[in-house]
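Quick heads-up: it's one chain on its own, the form predicted alone, in structure tokens.
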Amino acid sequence: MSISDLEHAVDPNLGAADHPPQKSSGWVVFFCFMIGLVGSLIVGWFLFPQWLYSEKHQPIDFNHSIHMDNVSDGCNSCHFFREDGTFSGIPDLSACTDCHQDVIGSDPEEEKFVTEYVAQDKEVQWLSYFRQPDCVFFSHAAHVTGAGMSCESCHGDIGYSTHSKVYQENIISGYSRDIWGYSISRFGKPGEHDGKPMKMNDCAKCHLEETGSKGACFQCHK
């Protein structure tokens, strides 16, 4: 028997200070996991959407409300169906020139529109909040004429807005934020009269309620 064995036999705790017992680190791992999880949620749900979109303004700050007060057929006066059934969407300059050959009132946006666009016969490069990807087909006729839906059903009370809302563009896809919704979480909401953001889930929900079916993919996707 060696000297160290004899010493250990006399005092079993000899050398324990050199090798302290290991404490459980499970709670440390759990704490780090929770920090990572919460951090990921904050970045993914709140910070990333703010980084993902750039803000742009329309060339002309358009007042829908004043037009609705002065046209005879509401939304259809500017956003109408052509003879072949196609939808006009955003009107071109020719739809505006009858009323805007000369500056009306003192609004600087009106003066800008007449001098920079009407007088120069230059089309306004409007930013479309609802421009769909090329692989998507949407029929206004099927919804307005066929289903009898009002414009407000999808676009909200945009007709009462007095200013154009800020256009938020997805820096990756190049499409408007209104197509996918104001925020991933759906907690954020546009302001009053800003119109309604539309998501595919909204379409599926409405189709299910009205027809009993969400519809087949090829109805909208080419």
Partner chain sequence: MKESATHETARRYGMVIDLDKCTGCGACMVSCYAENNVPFKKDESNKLDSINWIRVVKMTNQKPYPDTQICYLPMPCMQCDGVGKHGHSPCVSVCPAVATDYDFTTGIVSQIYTRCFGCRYCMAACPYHARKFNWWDPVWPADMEKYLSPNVSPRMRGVVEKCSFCFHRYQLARDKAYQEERAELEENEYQPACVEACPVKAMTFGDLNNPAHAVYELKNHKHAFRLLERLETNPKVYYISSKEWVRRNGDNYLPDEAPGRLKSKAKARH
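The structure displayed is predicted, hence computed values, not measured ones. Numbering follows the first chain given and starts at 1.
In what follows, reference is made to the form predicted together with its partner chain, a form of this protein that is not presented.
- Contact annotation: its partner chain lies within 4.5 Å of heavy atoms from the stretch 84-92 in the predicted bound form, the single such stretch among 84-92, 97-105, 67-75, 110-118.
- The candidate site formed by 63, 149 and 151 is entirely out of contact with its partner chain in the predicted bound form, as no residue has a non-hydrogen atom within 4.5 angstroms of it.
- Its partner chain is not shown here, but in the predicted bound form it comes within 4.5 Å of a heavy atom of residue 137.
- In the predicted bound form, 141, 142, 145, 146 are the residues of 140-170 with at least one heavy atom within 4.5 Å of its partner chain, listed from first to last.
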